Every structure is written in C-alpha cells, then in structure tokens.
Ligand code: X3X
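Shown here is one chain on its own, the form predicted on its own, set out as structure tokens.
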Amino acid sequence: MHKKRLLTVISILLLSTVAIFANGEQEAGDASDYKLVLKLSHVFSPAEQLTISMDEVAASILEKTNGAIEIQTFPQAQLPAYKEGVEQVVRGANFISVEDPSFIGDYVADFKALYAPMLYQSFDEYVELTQKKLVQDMMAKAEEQGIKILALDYIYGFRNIITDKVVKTPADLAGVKLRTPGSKSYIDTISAMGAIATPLPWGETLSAVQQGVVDGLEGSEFTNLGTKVYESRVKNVANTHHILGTCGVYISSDVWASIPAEYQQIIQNEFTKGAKDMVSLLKSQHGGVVKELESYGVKFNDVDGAAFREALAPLYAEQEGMTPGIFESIFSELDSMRQ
C-alpha cells in the first residue's frame, strides 16, 4: 500500500515538473499575446525626412508584428529629447531616443570621436565605417551601459553655417552668435570654428534668429528647407560641412532583452532598412533641395576648408575616457576607404 502511494506521488511530481517546464518553454517562446508600446522622440519637424522615415518604420513594425509592437512617434521634442531623451533610455523606460551619436558619448566616450568635425567626405564613408569592428565594439560598450543601438546611420545631410553674412574663414565668425544643440561636441565645434556657440532648444531657434538673439545657426539644407529657415533673415549658407548630420536609434538594453526574439528581428530589420532608404533618398534629392533654396533667395558659398580644419585640430585630441589611439583608428579606416 505504501509502495503504491509512493509511486503515485512520484508520478504526480514528475508530471507536474514536465508541465511546469513545458509551460515555461511556451511562455518564453510564445509571443502570441505579447504587446509593447514604445514612445519614440526626436527634434525634427513633421516636414523633414527623418520624421517621415520614423513614421514609416513604426507603421511597418506595427504591421509586421500584427500589432504586438506599437511605436508612437513624437517629433519636435514633444517628449524628452537630446540628452534627456537618452537618459530615458538608460533609465529603462519604454522609450526610443533618436539623437546624434555625440549624446551617446556621455556613456561611451569614443562616440564623441565618431562624431568629430570634418571627418567625412561622403555619406557612404560614414555608413561603411559604422559596419566596421571599430564601431561595432563601441556599440557593444553602449549596450553594457544600458543602451541598445538599433541604427547609427539615419543621415540627414552635412551641417553648414547659416547666417546673414558671407562666411569664408574662421575669422569671419568672430563675434557671431550661432545657435547649436546642447551637445558638448556641437558647442566645442562651433567655438573652435570661431563663433560664439549659443545652445538653444530647436523650438526657440527661429524666433531667436528673427529677434537677433542669435546671428544664425548651423544645419543641413534639408533642415533649412523642411523648417523654412530660409523665410528668416539668414539667407547665406557657408558650405563648411563641419559635421555630418546623422541620428542613431536607441532603446533600453533591458527593454530590448524583454522583447521576444521574433519581434526583435522585425524591429532591427525595419530600422536598418529605414536608414538605408533614407540615405538613398536624400542623396538623390540634395541637388533639387539646393536649387529650391536658391529660388527662395538662399546663397551658398564655399569656404577655406584648410583654415577651418586647422582651427578644429584641437578637437582631435583624445578626451577623458576615450580609447587610446581612437582618432588614429578612425583616420586609418577612412584612409583605407579612399585608396
């Protein structure tokens, strides 16, 4: 009798263990009832291509995950942006921050080197560099700091100086107040170029230009057109190409780890495709954008590139926390592409 009872108990325990294990496997691999809402923030206007691209990616992800992953997009800094946006990611919020890589430099200093001024001669150079082990290692370090990088190459154009005067050399920027984003990389770049860097939220920029609080700003032709900067009093563009304007897409490492693998793959694929499509589109559109701006009275001029590079040379010195030789490594990769 006791033997029968013991066998019965053992059988029940074994069946329970199998059931628990099976249920555990089902829960880990079954994404049928999974639902996640993510809020995506950036500073671009609804008319700009980055906004359009983010909306398209979000819509595609919603469709391909059958509604499981809903990304709500918020342009023009309606939600925390810039440094504050990245902080939301690091804190583990259900949040996607779309910012330039310099903001990741607060967590992995080498990203400041990646976003240093006057490094790139084309969009393609930068895109290729992001695929190299050098940058992939940076991305791995960011993930250790709580930042999963889904993309680094949402390029929106080379940034140039937009003022009410012709600028050809650093001396022409003496005493000129230029609006910049709040990133230290931008502030240091504009200061080294000879201007007075004036950090302002984008929402205050055009009114600051009109009221004379600042003498101009820096940005790409696409931003100039999309936000109608050309309607203000600043109509001279100096082709400094001082920074390649590009955004990365960042999500919390913990939030990412909680997403079922099949949805991770869809999200990653769509953001990768979105960046590739945006770069191709902007490359084909740039000439037309310049012509349209010229039709509105915008004038473009070339600059003394050597003089500006000489002024910016101190920014190629390694900063605290950077990997020794990081700039030499970046220069070496770029040189190999140009041979």
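In this text, residue numbers run from 1 along the sequence as written. What you see is a predicted model; the values in this text were computed from it and never measured.
Heads up, the form predicted together with this ligand isn't pictured, but that's what we're talking about next.
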None of Y186, Y230, F158, Y107 but one has a heavy atom within 4.5 Å of this ligand in the predicted complex; the exception is Y186
Give me the residue from G216, G85, P181, P117 that has a heavy atom within 4.5 Å of this ligand in the predicted complex.
P181
Segment that reaches this ligand in the predicted complex - one of 130-138, 98-106, 162-170, 251-259, heavy atoms within 4.5 Å:
98-106
Is W202 a contact residue for this ligand in the predicted complex, using a 4.5 Å heavy atom cut-off?
yes
Contact between F44 and this ligand in the predicted complex at 4.5 Å, heavy atoms?
yes
Proximity of C247 to this ligand in the predicted complex, heavy atoms at 4.5 Å:
yes
Taking the shortest heavy atom distance, is T223 within 4.5 Å of this ligand in the predicted complex?
yes
